[in-house]
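Have a look below at one chain only, the form predicted alone, in structure tokens format.
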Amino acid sequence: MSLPYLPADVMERADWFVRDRLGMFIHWGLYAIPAVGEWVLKFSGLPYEEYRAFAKRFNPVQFDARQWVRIAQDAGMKYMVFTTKHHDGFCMFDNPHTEWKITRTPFGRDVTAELAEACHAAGMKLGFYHSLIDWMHPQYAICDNHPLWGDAKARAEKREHGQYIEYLHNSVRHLLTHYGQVDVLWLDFTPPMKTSEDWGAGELMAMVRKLMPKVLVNDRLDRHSGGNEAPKFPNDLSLAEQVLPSGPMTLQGRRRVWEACVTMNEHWGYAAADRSFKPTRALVRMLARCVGNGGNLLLNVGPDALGRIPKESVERLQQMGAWLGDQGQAIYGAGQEEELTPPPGCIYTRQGRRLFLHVLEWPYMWIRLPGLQGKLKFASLLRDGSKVGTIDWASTGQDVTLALPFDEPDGLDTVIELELG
């Protein structure tokens, strides 16, 4: 039996989200210049003055918002989440409340506005990532994840964190009032030494709901101990970072709308020396596993300092798009099969009366499907509609056995559609 969702009204906002299933995450900012990842200011020991100087050099002349949207759509992605501000505090939009922003660089353009316009024109859902943390704001209270945490003199400084809260709220207000419809607000994150109150969370959420009633908000504004503790500030999406849940995500006996956010290599932001890109086969199967457990996949790209999405990412995205062109019916609008158990090495996804078997470990000649005796009317390869036969003599009890080609038809994820009667 399907569990109700938490919160109860989430599906009014998330109807599109649970159909679309695949999105593009984009981590892009000044950290593309040192090119060792988005946490460079925290872990490299780089002086603040040197990092600030990157703003005088940032000139991504090859940035093309419409090209980014085309790449995402060609990959079969239906929504996009863009980093408007990461932990370094640098705003990738024309934030009127600071000078630490892209419109004060040699480039001088509001890339968030251009990306929003391109998404709206192409019919792509748009999300904004916005860091709650801000390592550069002079009134942000230093805590354990701050680059200056090890500096006793800096820790002793008196800071008016209330001024930072006001700045944070004003920045979010600007994002929700100047860029058209925003479909996802991806807030990141409340660290161990802080609480939701450190962001004025109640007032922030009230403002968000008033300004953009349909926006989906993730769960990182709230920090709770995990387990079954209810969030203090109700939100719409649960997140899994760099892991795939083994089943649906739930809280207090109720199902959650969720997504897994995953990098294509080992960094979120551009890292020139990181060549550890996951093979397309792994990325497609991540997507299938997410959908099979009722969730989405938010797959990250890290553009370089010139504004280009790395070619290794583009190649894999194109291959994913080709696979989805043939077998996307098993992904879009599909979700968890809650009653039948798939064979070992397989995943089920379901869309209404259509059941899809993802064969991730291709067996030798045949595969047995538990519980389908008397229920299976027809089986076919989703990629071309060709019939998959059954082996009557090998059917035992409540099982049905399919006769498979010796060689796997699709090296990424072969899907068999099972028509049940």
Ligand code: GLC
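The first residue of the sequence shown is number 1, and the count goes up from there. Remember, predicted model here, so these are calculated numbers, not experimental data.
Beyond what is shown, the protein has a form predicted in complex with the named molecule; the following relates to that form.
Undergrad: Between Arg316, His86, Arg256, Lys101, only one gets a heavy atom within 4.5 angstroms of the named molecule in the predicted complex; which residue is that?
TA: The residue in contact is His86.
Undergrad: Please tell me which of Lys232, His174, Arg220, Arg289 lies within 4.5 Å of the named molecule in the predicted complex, judged by heavy atoms.
TA: Selected residue: Arg220.
Undergrad: I'd like to know if Trp268 sits close to the named molecule in the predicted complex, meaning any non-hydrogen atom pair within 4.5 angstroms.
TA: Yes, Trp268 is a contact residue.
Undergrad: Closest heavy atom of Tyr51 to the named molecule in the predicted complex, within 4.5 Å or not?
TA: No, Tyr51 stays farther than 4.5 Å from the named molecule in the predicted complex.
Undergrad: Answer for Trp39 alone: is it within 4.5 Å of the named molecule in the predicted complex, judged on heavy atom distances?
TA: Taking the distances in the predicted complex, the answer for Trp39 is yes, it comes within 4.5 Å of the named molecule.
Undergrad: Is there a heavy atom of Trp186 lying 4.5 Å or less from a heavy atom of the named molecule in the predicted complex?
TA: Yes, Trp186 is a contact residue.
Undergrad: Which is the contacting stretch out of 59-67, 31-39, 352-360, 376-384, given heavy atoms within 4.5 Å of the named molecule in the predicted complex?
TA: Stretch 31-39 is the one.
Undergrad: Tell me whether Asp94, Thr112 and Leu168, taken together, all sit within 4.5 Å of the named molecule in the predicted complex, counting heavy atoms only.
TA: No, none of the three is in contact.
Undergrad: If we check the named molecule in the predicted complex, which of the residues in 116-135 reach within 4.5 angstroms of it by a non-hydrogen atom?
TA: The one in contact is Tyr129.
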